[in-house]
Ligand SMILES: C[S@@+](CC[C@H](N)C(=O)[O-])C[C@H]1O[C@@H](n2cnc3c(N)ncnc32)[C@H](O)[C@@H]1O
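A lone chain, given as structure tokens: the form predicted on its own.
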Amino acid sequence: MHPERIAADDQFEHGSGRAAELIAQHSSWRERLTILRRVPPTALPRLLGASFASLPRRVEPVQCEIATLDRYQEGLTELARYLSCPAPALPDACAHVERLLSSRGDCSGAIGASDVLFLHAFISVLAPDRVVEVGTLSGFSAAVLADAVAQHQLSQSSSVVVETIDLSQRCLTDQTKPVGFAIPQVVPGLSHRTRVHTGKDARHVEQIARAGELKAVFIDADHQHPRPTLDLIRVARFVEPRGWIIVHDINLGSAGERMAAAGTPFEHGAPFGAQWLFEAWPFEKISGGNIGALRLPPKLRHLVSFALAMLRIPAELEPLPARRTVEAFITALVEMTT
């Protein structure tokens, strides 16, 4: 057995997870050097040491799943404690969330009910001025974010509260409709404060945010590994130190395996990218069931060894897209550490 594999296994001895196992299995010197060959010579000194450094010790997530509407206020209070924030006084919050939940059936590809409750509560506690979302689809989750943000803004402001980005022009789950079609249906009073950016990916964040500006980003785009991690690396420098990145479908891969075994596979597939990202995240994190929040470290350079380790897990992509994604990943790492 390779010495570095023993070291990787030791780093994750306090937690179980398929991502940790995969990182350990693909940590040979040869695989690390293969990645480093793609690094531009000027950036190589910055990434060389990180590629061979030990990973931070993996941590277990705080559990805060809000399964039903009647547990929303309790979950809100728990999240406020975890986030070291005052519990917000929002007397109409449950009514807001109830209206959002009642709209789910009209929005193809909408996030699950417990995901809505966690996302709304998390943003309500964090109280950001604006949230960026990567992966719009119907726009239902953008509507949830907009509602949560706007609750804290007492004046009838016209400022944008959600910037949502999607690579497509048409909704993946309903090609007859444009990306973001559900926003005016679900939150008609906030649709003018929710800006949809189509034909763009996570790189577009640099056009709409300043470095270190954002309190939170929600990632729910391509789940094929390593693209969720790539999205995180691309947006991290625009999030404040120790800010939060929320990731959806952190149990999708395992759920897909169970459904396939039962003979009813998911229509759009069930890649593990978001799940592996959440499982292996070595910093503070909160699980809300199939949705989770990842806290960035104080310094972005602390992300480099983790990101390079994730890149060693074989991609869930065809060879050509996989090569292009690795190249984009290296570019994003270089930009993040410049």
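Counting begins at 1, following the sequence as shown. This one's a predicted model, so the numbers in the text were calculated from it and none came from an experiment.
The next section is about a form of this same protein that is not shown, the form predicted in complex with the ligand.
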{"property": "All of I111, L172 and H223 within 4.5 Å of the ligand in the model of the complex, heavy atom check", "result": "yes"}
{"property": "Stretch in contact, per heavy atom within 4.5 angstroms of the ligand in the model of the complex, of 131-139, 90-98, 76-84, 254-262", "result": "131-139"}
{"property": "Heavy atom within 4.5 Å of the ligand in the model of the complex - residue from V162, A121, I165, I250", "result": "I165"}
{"property": "K177, R193, K200, K215 - the one with a heavy atom within 4.5 Å of the ligand in the model of the complex", "result": "K200"}
